[in-house]
Every structure is written in structure tokens, then in C-alpha cells.
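Below you'll find only one chain, the form predicted on its own, shown as C-alpha cells.
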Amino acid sequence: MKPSSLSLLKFLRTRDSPLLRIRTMTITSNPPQVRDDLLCSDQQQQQSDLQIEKPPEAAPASLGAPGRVLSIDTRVEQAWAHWKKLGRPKYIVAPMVDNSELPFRLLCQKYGAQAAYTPMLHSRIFTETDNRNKEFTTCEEDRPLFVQFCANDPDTLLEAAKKVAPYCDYVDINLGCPQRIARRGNYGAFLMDNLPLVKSLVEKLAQNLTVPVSCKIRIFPNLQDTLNYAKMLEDAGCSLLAVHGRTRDEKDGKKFRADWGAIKEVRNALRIPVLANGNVRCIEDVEDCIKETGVEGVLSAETLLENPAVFAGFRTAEWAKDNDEEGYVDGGLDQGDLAVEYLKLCEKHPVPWRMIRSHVHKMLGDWFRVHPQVREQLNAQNILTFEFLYGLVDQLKELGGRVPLYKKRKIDTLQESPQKDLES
């Protein structure tokens, strides 16, 4: 194997096998963006070709056999049986490109997240032999798990989905990405212009997989169009629908509020479980959204990047100060602590340095605003190491100006996570 190809390999842990890790080489002549694509691990792997193919587990009795077309009543019954078996999670990590990777999912899980999506995977690239294991990693603790793909070809999507089906609880179709790259690639929210293709993608998976199919969408400007869209997905075989309450053109979450009213109408129109996405800055927003819309659970993205402990009731200073009358106090945790926990998880479950760099910027953003010279050190560091990053956090703490995360005074800072509360 050529050294240059080593940087493209990733790893995967199956349910019943140890984590396999690929040794990567740091080539100092590579430009910074190439080095950031390398895995943060120098551990050797004993076999040269990492295979993720594994005979799919037998389909749960509730899912029937691949290729069998079921009635809508049967499919709805199965959809709810599967969702209830997973514990009906309420607090969910949304799919984020290069950001909802395994170490971050596990960190969020420690602080209350009850399910998570992988980053969006490109179905065509994922099926290519050289890139098969490039982006998808998981472990036994990483459940319930949605593996999300973007696609515009049913057969290619099915080929990719079959490779991950043994390792997840849902295969999810990205129908909501509004970015220009999705327009160029003809996927995500831009498939809203070709609903017959969307229907064929869902049907292809629903009729040929042993795990349920979920979809994540954005709303149309017209409510009835949104309801027709959601019903079409349900009829095609979607077992769970996540609705981002913004249109394709409403990309700026700070400028445009998500329409919880539209999400409520979708929830009332469908028979399958529905999740909401949008307008979540704290745990109280999650509860308000569920109460207002009637959804099963809520996805969070940007808020978690800044504060992975949101689902455990922690708030950043910005959102605590907005509610001073409610009595928020130092929760005994700060973003520096979370960054260190995240780095330790990355040492255990290697990911590309580019993901780590991004998370460190987000988690320590409040601290960098106080000490911008430390942020510049990170920006100037072309070759990242764990030693450097741990030192960065130490430096921020030594400089003072700690920025704590806050909790309501009435909430014990040592309370158990929402997941444990749910299980009890």
C-alpha cells in the first residue's frame, strides 16, 4: 500500500469485534488541509484491507422480510414498535457535516443525548471501494444511531445503506440540506423539486432493508405542499420523519425562526413518529417544542457544537444572562472541561484532525473571544497534536477569565442525565 493512500483510510468497530484502527502517516510536505484529513492516530493496524461488509443480522420480526410490500397499517404499527423499543428518545444529536462524528456523539450522550445521527454521508462516494470506510465509525455504546446518506440514485443509495444497516437503528435520507454543494450535487433539499425521485429513494430502501428508513426534510413555503410531501414520504415507507421548520431558502438559523406551527401540522397529519428541528438553545426549548408541537423528540445541531451539555440542562453565559430572573448559577462545568473530554474520546476513537480543529474552535469560542491571541495560535498550527491541544486548554485556564456553563439554581448540578431519568 502506498503511504499516500493511508491518509484516506478510516476505521470501523462492529458490534462483536474490537475497534480496528488504521495507521496514518504525517507527511510534512503536505499542505495544511491535507494534514487535517489525516486520522489523529499513529497506532498500527494488523490487516491491510479493512472490510466493513458483514452479513446483515436477521430482520426483527416486526420489520418483515426485504422485498415484501406491507400495508400502511402494518408499516405504521412496525414503525411505532421499533421506536418504542429504542426508548422513544427525546434528546437527539442532529446530523452535522464533519461535526456529528463518533467522539462528539459519545460526548453528547454522556451529557443527556439519547440518540444521534452520523454526519451526512455521500452514497456514491461511500460505495466506492477506496472510500468505503472513510467517514463512518461507530462502537457498541453509540446507539440508538441514525446513519444519514444523501443520494439521487435509488440503486446507489441501497448499495450504501446495506453496508451500514447492521450497525444502526435507522438509515436516514437527507432531504433537507440547503447548501450550494447540495444544489450542485442534486441532493438534499433540492430534491424537493423532484418528488417522484424522492419517493423512489424511500421505496427502494423500505422494500429492501432490514432496518427502518427515516427522512429529514425542510418545509415548503406553502403548508399544504409540506403536508402533501410528508404524507408521500409516509406512504412510500418512511418509518420516522424529522422536520426542520425552515424552508430551503432560510439557511440562517439566527435570522429565521423555525416554524413550530408547521411542524405541529405535520405531526398531526402523519401516523408515524415525527421529530422536530429548529429553535433549540437550551433544554427548556426542547420541552417547549415537544409541548407545542406534539413531536416525539427534538434535534439540536449548532447549539450542541458550542455546548455539548445542553441536554443535561447546562447553558452558556449568553443564554443564562437572558434569564437572570430564573436564578442561574455556575454549574461546575465549563467548555474547557468539555473540550478535554472530547479530546480524550478522540484518542480512543480516532477521527480526522479537521473535525477536531472545528470542534475545538466551537467549544472554546467564548474563551477565544476573551483571549484572541490563543485562537491565533490554533489557527497558525498546521500540524495538530493532542499535546498541543491539551496545552491550549491549560493556557486558557492559566490566563484566567473562566467562562462557566450555568444551570438553574433549583437543578442539582450533579443530577443524573435525562437518559437515566427516562429509563427509571
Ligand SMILES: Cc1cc2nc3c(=O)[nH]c(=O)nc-3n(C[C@H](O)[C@H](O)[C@H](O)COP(=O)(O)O)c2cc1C
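In this text, all values refer to a predicted model and were calculated from it rather than measured experimentally. Just count from 1 along the sequence shown to find any residue number.
Just so it is clear, the following notes concern the form predicted in complex with the named molecule, a form of the same protein that is not shown.
Counting only non-hydrogen atoms, choose the one of 349 to 357, 270 to 278, 283 to 291, 158 to 166 that falls within 4.5 Å of the named molecule in the model of the complex. Result of the contact check: 270 to 278.
Any non-hydrogen atom of residue 95 within 4.5 angstroms of the named molecule in the model of the complex: Yes, contact at 4.5 Å.
Decide whether residue 301 counts as a contact residue for the named molecule in the model of the complex under a heavy atom distance cut-off of 4.5 Å. Although the named molecule is absent here, residue 301 would touch it in the model of the complex, with heavy atoms inside 4.5 Å.
is_contact(residue 119, the named molecule) in the model of the complex, heavy atom dist at most 4.5 Å: So residue 119 counts as contacting the named molecule.
Could you tell me if residue 226 has a non-hydrogen atom within 4.5 Å of the named molecule in the model of the complex? Residue 226: no, not in contact with the named molecule in the model of the complex.
Sort through 152, 99, 316, 109 and report the residue having a heavy atom within 4.5 Å of the named molecule in the model of the complex. Among 152, 99, 316, 109, a heavy atom within 4.5 Å of the named molecule in the model of the complex occurs only for 99.
Using heavy atoms only and a 4.5 Å cut-off, determine which of 148, 307, 137, 123 is in contact with the named molecule in the model of the complex. By the 4.5 Å criterion, the partner-contacting residue is 148.
Judged by heavy atom distances of 4.5 Å or less, which residues of 187 to 224 approach the named molecule in the model of the complex? Result: 216 alone.
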